[in-house]
Structures are given as C-alpha cells and as structure tokens.
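Only one chain comes next, encoded as structure tokens, the form predicted alone.
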Amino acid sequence: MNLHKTIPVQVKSIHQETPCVKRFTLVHKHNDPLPYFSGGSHITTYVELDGQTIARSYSLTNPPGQTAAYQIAIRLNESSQGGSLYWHEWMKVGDTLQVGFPQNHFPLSFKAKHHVFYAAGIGITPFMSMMAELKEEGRTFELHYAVKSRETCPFYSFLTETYPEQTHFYFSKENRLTDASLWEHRVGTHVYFCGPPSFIEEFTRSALEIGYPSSSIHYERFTPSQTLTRRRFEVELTSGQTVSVPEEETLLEALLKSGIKAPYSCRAGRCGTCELKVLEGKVDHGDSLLSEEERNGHRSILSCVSRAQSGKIRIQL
C-alpha cells in the first residue's frame, strides 16, 4: 500500500447523476486549498473496509484551477469487489478519507490543432476537465459520446447546456457511434478515446488504419487490457529472491503474496506507482501508461497488469 503524500478530505456532497452513477464533491478536511490539477488528471482514493485499504483511481471532473474542491463520478460496477460498491452504498456526506495528489497520465496534447474526444459510458469523466481547460484557453474541440440512453447518460444536462455545439450524443437505441466520423477530422487533429477496452481497441485500430499518426492517438483505460497471454513465469529480484507468477495471478499479487513490499496504487496499469525497472528479459505490456518507445525498450514493467514475454525476467527490487 502506498499512502505516501496523501491529503485528508471530506465528502461535501453527493449527487445522483444517473441510476448507476454518483458524483462526489470532496473538500480538504481542514478547509485548506487543494493542489492544482490539469485537464485529464485523476486522484487515487483510499477507503478503509474490513481492515483493508481499498485504493481506486478516479478522474477529476471539475474544471482545472478549482482548488476549493475535487469532483469525481463513479459508476456502480456490478462485479465490484469493494471500490464502487463502497462509494455507492456506504459513503455518506461528512465522511473523511485520504486521497493522493493529482496525477495526469492522460494530458492534452499541445501539438494538436483540434481535439476530438470519443467517450463511451463512464469514459466521459476524464474529458470533463479536458474540455473545460480547452474552453478556458479558447481552443477547438468536439465530443462524441456513446451511451445507452438519455436517462443513463452522466452529465447530459451539463453537456447540452455548456457545450451544445461541440457535443454529439449517440444513444444506442437511436443512433450508434461508429468509427466513420474519424474520417471527417482535419489534418492535425488529435483523437482521445476512453471507455470499455473493446471500444478503445476498435477506435484505436480504426484510427491507425485510416492513417492517424500514433502520436495523435491518445487513450485511457479504466481496466487492464485483457489481451495478454497469461502464462506462468518467474521473476528474479536483485535481492537474489526468485518469485514464481502463476497464470491466475499478476506479478504484483505474486510479489505481495511472497511478503515483498512492492509499491502499487490503481491496480489497472494507469498510475505508474507499481512501475519496476527491468534488468533482463522482455515484457508483455498491459498498461496504458508507457509510451511506445518505452514499451519497445523493455526496461520497465507495471507489475499490476504486465507480464513476462518469456519464462523469466529479472527486475530491480
């Protein structure tokens, strides 16, 4: 558990966005200003449940520059193991908790001539602060937002009132979002994807096939990639210890099970807290953090999601 440099906050208000999504407003426990954040940033929240600390990362949805409060929106996951279930069922106004300092692994590109966001479901959350930042700076953008219906659409009223010209809704029963609109964007456009893994993979593949440079394609996953081959492998540590990682466990889980104090936070390959240096061997990357150059270098591994390509790797730990 990494509780280094956390901030004590209190739940100021809870708003029911949709039947499955709640928006929480958090303020500093002692009414101090909160650290500044940029569009696309997230925080890691730490809640105590049954003697364990549950760490989950959520995008900040209020405009950057607002240091009086942080806002996060959380969808109730039907298979929740405590994260979203805790927030929906037990978190109350006035409750206190610890959160990490804002981090941004999904920043806006300063090279883009135009920004286009593609969101599916709760994947809208990182784009809320990004659009606010662009509007404040007078830069151009548009949003293509796929969701089941108006009734299940988080921020529907806010988006229609705040970004009426930039927002395009796609309700699955009326007008499904396809990758056809990728063809319509002018040269110099950067595209951003956030939603279920299949959504991100489909739109990323289409953008590459159309000819978008990989540097103009950005995405953020809420869950680890499911495309890795889950085979057993061994990890040799610089301490001399060797840890076996079975098919059903992640490297992080195997390290912790062996009593090794490995750092971690989001458990989804997003935050980089669990990043370890690779000394020998190749990595099968499952994260959404490292750049293509870093992936090809095989010098880092995010232990919460990534695995070894071969039977053994050596890491610095």
Partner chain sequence: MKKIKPAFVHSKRMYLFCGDQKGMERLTPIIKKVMKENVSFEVVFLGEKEETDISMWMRNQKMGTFLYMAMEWSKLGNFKNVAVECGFSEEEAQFIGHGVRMIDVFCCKCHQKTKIDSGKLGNLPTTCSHCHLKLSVSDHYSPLRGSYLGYANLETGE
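Keep in mind that this is a model prediction, so the values were computed, not measured. Numbering follows the first chain given and starts at 1.
This next part talks about the form predicted in complex with its partner chain, which is not shown.
In the predicted bound form, which of the stretches 136 to 144, 83 to 91, 164 to 172, 207 to 215 has residues with heavy atoms within 4.5 Å of its partner chain?
Contact-bearing stretch, as computed: 207 to 215.
Closest heavy atom of Trp183 to its partner chain in the predicted bound form, within 4.5 Å or not?
Answer yes; at least one heavy atom of Trp183 falls within 4.5 Å of its partner chain in the predicted bound form.
May I ask you to check whether Arg231 falls inside a 4.5 Å heavy atom distance of its partner chain in the predicted bound form?
No, Arg231 sits far enough from its partner chain in the predicted bound form that none of its heavy atoms falls within 4.5 Å.
Wondering, does Thr189 line up within 4.5 Å of its partner chain in the predicted bound form on heavy atoms?
It does: once its partner chain is placed as it appears in the predicted bound form, Thr189 has a heavy atom within 4.5 Å of it.
Taking its partner chain as it sits in the predicted bound form, is His105 near enough to touch it, meaning that at least one heavy atom pair lies within 4.5 angstroms?
His105: no contact with its partner chain in the predicted bound form.
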